[in-house]
Ligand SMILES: Cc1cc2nc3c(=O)[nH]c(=O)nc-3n(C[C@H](O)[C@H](O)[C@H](O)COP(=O)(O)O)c2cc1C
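A single chain comes next, written as structure tokens; it is the form predicted alone.
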């Protein structure tokens, strides 16, 4: 499908609408963290405009569009769900996917009523893997119950959280799993058409999906009762927010929508719409094939099933791993990731820049939604970026707010103006200038305003990150603020 651009009022929103994705360097968190290993490359990244934030190559940071390396991909759990076929790259084609039981979940779903599929997802206790951890079954039920004959299913493949490349490899190596999941969800909610919203930074995923879509249509899986198309994003982090994404598909300026109404009631083109990210959908064929109860039997606490974790280049074993919920972060960091190859870790962040930092004293925390939230962190999308002892925390704070100011959609005043003002103040601190008492008070007031009044998680997430930094690394920052 053509990119979602229609004219200057829409095109001006995007960073990469007219940018060739060659010889581009990444400025994401993983690349910031690895800058000491490639100062020349980092300087080149800073000089490029518009900036590119996260190419999904965090395992080889500092990365560029020409970075050739592939990550380690391993399942550290019995009977992998998400990385089955991804780890050994064995299920790209329709024939290979079917030889491993692919589309048996769809066959089972189509043999029964839609409500039965929704019930299985509810029983599974699957929670969204895109960041918020919202119960998938609750969202599916809301769209199923919504009145109207026209409904849509949308795969959010705009994986922009720095450190994350989970969805990228699911789509590149097991594209039929996403197609099967979307066909199952379409049957469940009564949708005849669906969209995969794919970020421009993932050209290999696009190629893999195109081949798989052609195979699925030729086999009669798509085209008669349900069909899919791909929409290519043009460079905007906020399009990972579901209402902004829907506006983008509609060729409207992709600002965040006020809610309610929620997309489950009035989504794409004003119709009830199910939006899930790729990793969330990747669990659906397994759930329908083996049953929601079998899925719910795995996991820990209120976090059921398994989770993919992608690890950045400062680890000795950077790569993509599937683990059971409940495993301590220390096990992931030290045993699976092999620790850091530079110094002892100073901090990690999971789920991109709009989350709290996790201090080494918190590394024994189990991997779980509520458990990480209790220490000010997040499961998020699952991308794990490590920061070593060489990291200057004032520079990190300024870096995140530069990203936040650039990527704000501008819809709400607190985020549009507040992120830029905070960027200016934090950049001053990073440059070695101590903020006076009035400026320090302004920082605190602006962070409170972002949390309380931002329209979406972009502004509030920036404040969560900053408050986490002050709470856990305040001693280091004390020389920067009055």
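Being a predicted model, the structure only gives us computed values, none of them experimental. Positions refer to the first chain, counted from 1.
Form predicted together with the ligand: not shown, discussed below.
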{"item": "Contact assignment for the ligand in the model of the complex, among 399, 151, 129, 168, heavy atom within 4.5 Å", "value": "129"}
{"item": "Candidate from 178, 329, 308, 238 lying within 4.5 Å of the ligand in the model of the complex - any heavy atom", "value": "238"}
{"item": "The ligand in the model of the complex: contacting segment from 288-296, 389-397, 316-324, 155-163, heavy atom within 4.5 Å", "value": "155-163"}
{"item": "Touches the ligand in the model of the complex: residue 201 (any heavy atom, 4.5 Å)", "value": "no"}
{"item": "Contact of residue 25 with the ligand in the model of the complex (heavy atom, 4.5 Å)", "value": "no"}
{"item": "Proximity of residue 51 to the ligand in the model of the complex, heavy atoms at 4.5 Å", "value": "no"}
{"item": "4.5 Å heavy atom contact, residue 34 and the ligand in the model of the complex", "value": "no"}
{"item": "Within 4.5 Å of the ligand in the model of the complex, all of 357, 440 and 446 (non-hydrogen atom)", "value": "no"}
{"item": "Those residues of 456-470 which, in the model of the complex, come within 4.5 Å of the ligand by heavy atom", "value": "456, 457, 458"}
